[in-house]
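One chain follows as structure tokens, the form predicted on its own.
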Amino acid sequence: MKTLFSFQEVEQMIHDGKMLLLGATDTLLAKLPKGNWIGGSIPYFMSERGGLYSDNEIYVDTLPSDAHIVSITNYDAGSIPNVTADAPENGLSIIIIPAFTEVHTEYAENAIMYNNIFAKPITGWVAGTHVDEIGKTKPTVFNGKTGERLDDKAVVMHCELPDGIQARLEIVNLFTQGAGDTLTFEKTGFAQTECFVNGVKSSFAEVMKKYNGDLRLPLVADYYGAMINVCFANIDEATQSVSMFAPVLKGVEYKLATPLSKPYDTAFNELLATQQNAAPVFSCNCILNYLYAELEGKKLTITGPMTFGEINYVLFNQTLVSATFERVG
């Protein structure tokens, strides 16, 4: 199925009233007309043609007619905890958050404590930029209903589903906890200088050096059987601070991931074959998987934007997430 479209093709879809989730460069999204869509800046995709970078095409997920848009709402760091209260009782909420913003930090660090966060399906992703533009160009999200371009707020499309149809969220994570040391932290945050190794306070940077400093392997927490990754950004030798693309949470037990025994694309497709039972209405994958697995030109069975963070209820890294609609009863 075609996933990447020209500007003119997407423009026509909007005029036709289709409900769209869009990923493309900021320049392309800013030119689109108002309509039933939300979008986020990103130029990396897993398409039907394989993994690729594109600055002249738009990635499109079209929501099926089962979904009815209740609202398209903007949230800042102060209002984002209301996202679950605003969601319909039976529906799906799709969120896009610009990376490296206050609302990104707020959601990443605190969403797990939001009221009813696991009671209503919420999925989505973190918008980004070309990797060479990190820190130079702000990621953006778009509220297609109002035409707003936002670099400091999240946008959420709240959709209601009819009786007999429910949204089901899936997580595909290649990584599991290794058999090594247990790491914990005394504060929540994206950067840490200290950790506890099996209960003993240690320099986090020195611990990483002990692990040979391989930043491609994430820390993994076990949330009642769900493996949740926290991925490394860099180690600052001057400050001995370790930065991550998602926060570690206070008191949660982490272990370094077990190294993969197969190539990324092979491991992904094998795992997808065991977990996916239906075509998703939305999916996304992590930019770190794209880079570390050298997925450019390689194909996976699930397509989507390659993002700066993935959301199924809470924020993940180095993970593929998806949402499907299924009949119940």
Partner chain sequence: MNDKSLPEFPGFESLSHKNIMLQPKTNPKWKEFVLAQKRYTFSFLATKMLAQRIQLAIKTDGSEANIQKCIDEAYAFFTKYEKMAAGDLQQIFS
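What you see is a predicted model, and the numbers here were worked out from it, not measured in a lab. Numbering follows the first chain given and starts at 1.
If you look for the form predicted in complex with its partner chain, you will not find it shown, but the lines that follow are about it.
Novice: Among 199 to 207, 134 to 142, 94 to 102, 161 to 169, which stretch has residues with heavy atoms no more than 4.5 Å from its partner chain in the predicted complex?
Specialist: Checking each option against the 4.5 Å cut-off leaves 161 to 169.
Novice: Of 302, 63, 28, 293, which residue is found within 4.5 angstroms of its partner chain in the predicted complex when only non-hydrogen atoms are counted?
Specialist: Selected option: 63.
Novice: Please tell me whether the candidate spot formed by 75, 147 and 246 is one where all three residues come within 4.5 Å of its partner chain in the predicted complex (heavy atoms).
Specialist: Zero of three within 4.5 Å in the predicted complex.
Novice: Hey, in the predicted complex, is residue 22 touching its partner chain, heavy atoms inside 4.5 Å?
Specialist: Output for residue 22 is no: heavy atoms all beyond 4.5 Å of its partner chain.
Novice: Evaluate residue 228 for contact with its partner chain in the predicted complex, applying a 4.5 angstroms cut-off between non-hydrogen atoms, and reply yes or no.
Specialist: Contact with its partner chain, yes.
Novice: Would residue 223 count as a contact of its partner chain in the predicted complex, using a 4.5 angstroms cut-off between non-hydrogen atoms?
Specialist: Flag for residue 223 set to yes.
Novice: Using the partner position in the predicted complex, report whether residue 325 sits within 4.5 Å of its partner chain, counting heavy atoms only.
Specialist: Within the cut-off, so yes.
Novice: Does any residue in 293 to 326 get within 4.5 Å of its partner chain in the predicted complex, counting heavy atoms only, and if so which ones?
Specialist: Stretch hits, in order: 312, 313, 314, 316, 325, 326.
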